[in-house]
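The chain that follows stands alone, in the form predicted alone, written as structure tokens.
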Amino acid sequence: MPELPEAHTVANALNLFLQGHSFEKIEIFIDKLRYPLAPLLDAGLLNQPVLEVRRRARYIIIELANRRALVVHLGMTGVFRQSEPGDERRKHEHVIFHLDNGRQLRFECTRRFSSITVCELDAPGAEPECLAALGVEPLSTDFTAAYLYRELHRRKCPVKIALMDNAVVVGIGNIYAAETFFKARISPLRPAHKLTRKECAVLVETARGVLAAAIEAGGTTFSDYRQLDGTEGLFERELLVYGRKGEPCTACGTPITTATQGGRTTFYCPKCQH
């Protein structure tokens, strides 16, 4: 499932493609993805310039001039694609946005777990009310060692589960959590409330570094994720532990092992991470 770097990459590309333009027509070809798509047929979404496309957690917010906004979650297989009017529609392209410059933006999703919802913003640049319960952004100044230490010490679950909790910090999914714990040399199996202040500081800085590097590489492509122009994310080449079960640790040579946490596979080195 696309995580923060993938959503960030797509939001930046959409901002360049859409900002200043408006939707002249929106076509839907199925009734619903995760939620019904009928709200996209509201005439209030048309002929309103896009002010900005930005990311919040793993959500993409397309803000229009009239304070309406589209809130998009890519789910497992959601892909935006820039297109031209003459291009043949693909089987799973469920929404086509016709722009005022004659171009098209198409949304494809094979498994239909993605969502596109419509909301009203209280003010320009405001956060949609539906996202108000989300935790801090990991690349923001709010994500500090003191904050993480305070949050972890409220929880007795494994620390990886806590770091992936969107009520604590948003957007750190399975791939980037695994890489963060490996680079920080901290076991993802440890109880969250037993981490020290120093270890929390290391986790914060490491998580920021991993996410920044992934954004620079355009995210990670394992199956469906693509950037707006169809290219793949290249961070897979830099993965040190995720997906490498049984392979030697790049630091000590011990075989990478796995555990199941919260229904997800955790990759870690049993020697380096403690």
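Each residue number is its position in the shown sequence, starting from 1. Please read all numbers here as calculations on a predicted model, not as lab measurements.
Beyond the structure shown, there is the form predicted together with the DNA, which is absent from this document and is the topic of what follows.
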message: Within 4.5 Å, heavy atoms only, which of 89, 150, 155, 194 is in contact with the DNA in the predicted complex?
response: 155
- prompt: Which one, 162 to 170, 96 to 104, 118 to 126, 80 to 88, holds residues whose non-hydrogen atoms are within 4.5 Å of the DNA in the predicted complex?
  reply: 162 to 170
- prompt: Taking 4.5 angstroms as the cut-off for heavy atoms, does residue 174 touch the DNA in the predicted complex?
  reply: yes
- prompt: Can any non-hydrogen atom of residue 146 be found within 4.5 angstroms of the DNA in the predicted complex?
  reply: no
message: So in the predicted complex, is the DNA close enough to residue 29 to count as touching (4.5 Å, heavy atoms)?
response: no
query: Is residue 67 one of the residues lying within 4.5 Å of the DNA in the predicted complex, judged by heavy atom distances?
result: no
message: For the stretch 47 to 77, I need every residue with any heavy atom inside 4.5 Å of the DNA in the predicted complex, listed N to C.
response: 58, 59, 73, 76
